[in-house]
Each structure stands twice: as C-alpha cells, then as structure tokens.
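Take a look at the structure tokens below, where one protein chain is shown in two forms, each on its own, as structure 1 and structure 2.
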Structure 1
Amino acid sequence: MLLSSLNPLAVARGDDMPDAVRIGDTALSRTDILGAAGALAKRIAGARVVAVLADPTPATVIAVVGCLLAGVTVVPVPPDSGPAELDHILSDSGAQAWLGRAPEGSALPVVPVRVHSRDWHSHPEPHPSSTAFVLYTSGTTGPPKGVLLSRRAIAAGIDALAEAWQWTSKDVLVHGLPLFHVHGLILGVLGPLRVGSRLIHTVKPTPQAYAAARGSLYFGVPTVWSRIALDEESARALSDARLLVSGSAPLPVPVFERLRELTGLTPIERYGMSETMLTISTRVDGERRPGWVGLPVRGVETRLRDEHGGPVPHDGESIGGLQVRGATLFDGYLNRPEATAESWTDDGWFKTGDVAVIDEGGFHRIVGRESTDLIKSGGYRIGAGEVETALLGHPGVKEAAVVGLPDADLGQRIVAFVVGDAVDEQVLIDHVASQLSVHKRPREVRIVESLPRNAMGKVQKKLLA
C-alpha cells in the first residue's frame, strides 16, 4: 500500500515528528500533513484528475498527499508555464479543477488547500496499478507528453533507491528542486514521506541555503553542485553530510572532483527520466566513478542496442541505445497510443532515447540523447559528453555544450558552445585533441555568454543546434 507505507503519515500521535517537512520558514508535522491532506481528500473524493500549480509551498505537499489518499490522479504543473503549454497540459490531462493557487485567467474551478484543516477519516487504498501522477515531459520534440505513473511504480522506485543509498528514517534530506518532476517531487517529497526521514526544502537551491540546512542527504542537479563547488565556505559546510546525490544531467568531472576535495564526500550519480523513474545509480557501498552513473537498481534491467537492433558489447567503449525494463516504468503516454507503441520494443523493453556505454562490470556511462549527443562524424560515433568533459578540464572554461551540426564532408562536425573567461577557440580545440582522440576535437568553438537551460538545469541543445 503506497500511502500507509509512504509514511510518517499513518503513525500514532505519540510518534509524531514536529518538523517532518520544512519548506522555507514553515514546518509541518506528520500529523499536520495527514490531517490537512485528509480534509482535502474528503472534499475531492470522486474526482478523476486535478491539477496542482507546483510552487515549493506546504500547500503543494498537502495537495499531492491529499490526492494520494483519495486515489485522485494529480497533474503537477510548472509554475512558470506559458499560456500555450498551460492550455495543452490542462486540455490533454482532462484536469477538472485546481487544488490551491490557480494561474491568472484559468477557467477551471479552484478547490482551496487549507493547511490548518484536519480530518482523520480513513480512505480505502487505491489499486497499486492506478495512476498516481501525470507528469509532462519537457516537450523538446513537440507538445509535452503526459507520462502515466502508477502507485506501484512510484513505490518500487523509492524503495530501490532507499536500498541503494541506505536511506533511512534517521536521514535529513535537503534540496531546493522544483516540485513538478520525478527528482524534486516524487523522490524529493514522497521519498522522505515513505522512508520516514525529515525533509528540508530550501525553496531555492542556493549554496548558502544548502549549507545552513545541515542535512545528511542532499539532492542537486549539476548547476546546483557547480555553484556549491565555487563557494568554498558553503561546500565545506556539507562535510558532515552522509551523501551528496547528483542527477538530471551529467555532473562535470571537475565539479565531481572539487566537491570531493572540499567536502571529503564522493558524490553519488544516478540516471533516470520521467518515463522510467530513477533506474541506475552508484551505491553507498559501491564504487563511485566520475562520469559514470553506476548499476541498475533493484528490479531494473538494462541493455544496449545498435541502430539495427543488435546487441552492443559491454566493453566500456562501445556506444548503444539504452533500453530499460522493470518495476519502475511508466504505463504509457496519455492520449498518445502511437508514441507509446513506438517507445517499446517487440520484446518488452522501453527505448529511452539515450545512448550509453556499459563496461564489463555492468557500470553505466550516459553519453546523452541519441538525437543530440551522439555525433556521427567522419565515420566515427562520438559522445558529446566526453568532449564536454575534456573542455571543462580547461581552467578557462566554466560551461560547455557540444553538438553535431550538418557538414557536407563529415556528415556532422563537432561544434562546442563555451562559457568562459579569456579563452581562445584554437587553444580549446588543441586542448581536446591532446586529451582525446584527434577525431573527437571540435571543428569549431563558439564563445557564448550563457547556455539555454530548462528548470532542471539541463542544457537545451536543440536551441543550440
């Protein structure tokens, strides 16, 4: 049962935790969450789908838990959604109402979320296969697709990571990530509720806020960790933590090494996506290798396939399309049967669209998206991430993104977009050629002021290409 074990929520009053969830300056006890969510669940019982404008507030936590109690599917909506994106999400999901704050101009009815309401009525546990969330993808290849995540998949995903990271009720999780993705909401809010640990959400993931929280377990994306690595005082304040976890994009090796130097902790890296939840991770009791995301978590299998569907050797060098199957996977795209069918192989594996390398011991390195990070140049298959890592090893480079652009001679030429101070294009090209095979060097370097990123800090390479 998701909620009865997803908690701190269903506990005896005497076992209450007064600061189970702290968001900014507001603390909620387990009793606060259960009572307010119970009151909301009573009011929305019988609804099918509702939307939540996923601000980092106590009301968002109570809205989500209330939906889980009532068995109502919830659609977390990014607070900064533009009008077209908002209209698409609401119409595609069939949301019947907003819970809590609604964006200006929305015609949907609003159900208030009353943080101080209390109701202890019990609710029957929905079937494990029922849809808990519709999470919308970033929409890089068209309108965002609604990813259907079941209660069963969510429970399996959280439990597998709790095992891999030895995450227990003694931990204090700290993060400031958005609450409309797997990383920030499902793992970052439902995770501590299910495990029984405390959560401190810093609202914004600044180095100073992370340092002040004094947690044992920290979640961040590479942009967050890069900023912390540049703030020596804040980084050293994390030395008493147990784990630093990075995800949503590859953690640059120089940042990995700097964090280890300043904190004495070796970061945990992991891989996942909305459709699969978090399926690969380094383990608290295993090897943590810069640039590699580790092994499949419990209940998950992976494999690599070439463009013809054939197996790719696990030799630590050969690049192939990453395919996944297991208990954490989604149930398809809402209203998109063709897209759902295209995402699965005939023998039941989900095609992630990412390309990866697996070594002889089963360790995974994510190269990136097949559409933007696998560059075919002069007959070679080159991973953009490897070139980016080499560029970031140059002291003048702050950020780097590498893409393949059409080339009449090579098929694709490697082009690097670099943020840095007083860097010379040819010096950077020669630097990469000295670190990697010569054919992996950029043919062109463009110095830019910033790289386009989404809310989770991922570089939007299609805007560069």
Structure 2
Amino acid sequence: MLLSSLNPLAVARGDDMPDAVRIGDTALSRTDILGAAGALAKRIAGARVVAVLADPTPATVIAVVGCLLAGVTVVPVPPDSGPAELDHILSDSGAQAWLGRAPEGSALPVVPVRVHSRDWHSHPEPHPSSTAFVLYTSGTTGPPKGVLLSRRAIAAGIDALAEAWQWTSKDVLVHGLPLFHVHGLILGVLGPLRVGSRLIHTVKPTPQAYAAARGSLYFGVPTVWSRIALDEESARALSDARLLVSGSAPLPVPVFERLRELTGLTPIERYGMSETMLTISTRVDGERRPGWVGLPVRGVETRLRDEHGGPVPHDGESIGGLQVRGATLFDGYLNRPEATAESWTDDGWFKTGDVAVIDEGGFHRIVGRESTDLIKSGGYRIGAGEVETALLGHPGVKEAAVVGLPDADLGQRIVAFVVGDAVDEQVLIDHVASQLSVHKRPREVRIVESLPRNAMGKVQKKLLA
C-alpha cells in the first residue's frame, strides 16, 4: 500500500490496535500515525531535507514517518544540542525547516506537527537508494559527521534482525532510548512499525519503567541493563519477556550473568554502528555467549585485517581491525568525501575502527576501539576532540586532554585533564554541557600542572588513562 522498500506501516489498518505505539502516557494506533504523518507529508512534499528535534514524543514519530512517506530526508537532532552543534548540523545538512518544535532562536521556518490531522493521499514510492536519514555522529576530532542512510539499508537492517530474533507482530517491544540514533529510532521505532509489533516507549529507560511495561522484547544499552541488574525487583519483573537485547556498547559479563540469574533469560547481544546499523548479533536459535556478540546478520559479511591490510586468522584469539560490508551500510559522510574515502578499503570493505576476534565458528568478540579518542559513555559515542574544543573555549583553560576511563555504570566516563588558571571543575563541566549535548559533559575534571607529552609535543593519552 505504501512504501515497498521501507514500509514502516506495512501492517497498518488490518491488524490495528489503539495502542500500537505508546510513548509515555499517549497511545496511538497505526491509523493515527499514518493519518497524521500523511497530513504532514502533504505539507512537506517537495522539500529536500528537514530537521526534527527528536524528543521522545508522538510528534517525533509522526514527523519521521511523514518524511518517509513524502520521501524527504530527515535529520534527527538531539533535543539538548548546544548552539555550536546546532549551527553545524543545520548548515552541514542544509535543513530547510524544523518539523514540530524548534530550538529557541532558530531562524529556520517551523512546520507544525498536528497529531490529530488526517490525510490519506498516497505518495509515490521514493527510490530505495534515496537517503532517508542523516544521522550525526562523533568522530575523533572535529564536529559530528552526517551519516547518510538509505531506505534500502534501513529495510535490510530491520529485516535481518527480525529474522535473527524471530521478532514478529506478536511481540511488544519496550525501550526508553533517545530517538536520534540507530538504536532508539531506527531499530526502536521503525523496527516495530515495519515488523508490526507494538511499541511501548518509556520516555526514560529506568528499571522501574521497564518492569512496569510488561513487554516481550526489551532493548537497552549496557548502562540500562546494569542499572536493572542492580534493581532485583525490576529485573525479576522481566522474567515473562521473550528476549532482552543489549547493544551500543559492550555488555559486561557480570551484568550478563546477573540478568540471567534474576530473569531466567539469557541476554541477546548485538553490535553495530551509526554507519553500518546492526551487523552482528547472537540469535534466538543459537548460542548466546557472555562477552561475545555473535554472528553477522543476513546480508552482512565481516573480516579482520592487520595494520598493513593483511588477513588475520579467525581462530578465536588473533586480534584484528574489524571490517564489514553488506546491505545495511551507509552511503558515506555528508560533505566529507575524504573522510568517506578513508573509511573504506580499496576492495570495498568499511573499516569500523573497532578491533575484534572471530572464532572458527564465526562468533565475534569486540575487543575495543583502535582510537582512544572515541569514547562510549552510557552507549553514546563521543569524540574526545569535540569536548577538548569546548573546554578550550573557556577563557580559563590553557590546555585540555579528554579520555574515557572505565566506569561501572557508564562503561566509560568522560574525564578531562585541564591546565588552567583558577578554573573550577563544576564550572567547566557546566560549560561543556552548555556548548554541547549534555551527555558529552565530562563527569570529572582533573586540574593538572601539565599534560604528559612526547618529544613531538603530542599528548600521551595512554599515560592519562
């Protein structure tokens, strides 16, 4: 009826339910979403690219679906983005308008999202290779890069996971993740719309909200799961679920084991990136080994390479750079031909920047990242360079070096080493939180006399860690 390559509402109408999508206290049927998105699609048809301040609200879901219907590229923007991030995202993406809410002071026009509007006009199916999303994600240095994701890749990614997890319309998915990333938005909202399962979005991913939702399929980043593992009552309430799925960062083995003990369920772990969507996962009908992320999903191939591009044996011990190719991959970084070219090998594999081990059976273990300058904190990817630039923008800061240190709750916590004059730690944390998205703030600032440097003057971050 609608979109063949990416039909987020394929099972609309026939099997509709009044609460197909629940976000906080608001429930929407598929017909509600389709009608409101249709009305929006009519208004934006012909636009090229628009931005959505991606709060966890029904308006965000309707805005994204409206763009998919109209074939307009959408840029989901973290709602707490700082002024420099916003300027960069808007100018780099060429966004022509905001859908729904706009941040204060933005000069772009705003197209309202009306949850109760309805329009059933059908739109021509956009080409599968057209760009559905530009997702901004951090690199080691500089401002975030726009990852171009096509309709075709998104459809392939969701379908491959549905197969691996036996995810069907009988499931009720529960999560409370942000709606501006692959995990919460593409997998967590478009996934259920495409598969036909219900979605309960808890707004915040708290243990209590997960326990109260009584779903069959749960998504969380490891921080969410480790908080649940510490809350015995909430964890036990998940015992009736079918699958607990963890991803976006490594799930610590003790958390895996504790969840199994409290819920009787063995977590599914899966691995992915904004650039590749989800490429590796354990399967419902396969082994779930703590500390390992499983097998490539349908349509994806992986390999390991050493620093000279030579092959690394898949023997369960040898460590190499993980490379992937297949149907779920992005089409490059917007306006960044050099960065795009650097991230691919000459023979067409994407270099993830992660180091991994593959065993004889094809099972993958992610060992870490090649660069210490990409930090994963609470499942968010944060570039050390971006935080350092924000710190150096404070008049009291002379030098700054940012690293991710191990943290039981967040996986890594952002720690800034700062050389400066009479600077207060909390003032610097608040300064970064006001310039960038709040989750990019250092959790700790250490004022030091000097930074360790090598003979070339380069900061030795390994010594700080």
Ligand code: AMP
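Given the structure is predicted, the values throughout are model-derived calculations rather than measurements. Here, a residue number simply tells you its place in the sequence of structure 1, counted from 1. Between two forms, the rigid core is the largest collection of C-alphas that superpose within 1.5 Å.
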Here the form predicted together with adenosine monophosphate is displayed as structure 2
Chain position at the hinge linking the two rigid parts, options 371, 117, 340, 83, forms compared between structures 1 and 2: 371
Quick question: how big is the domain rotation between structures 1 and 2, taking the chain as two rigid parts and the angle in degrees? 139
Can you give the C-alpha shift of residue 432 between structures 1 and 2 in Å, rounded to one decimal, after superposing the rigid core? 34.2
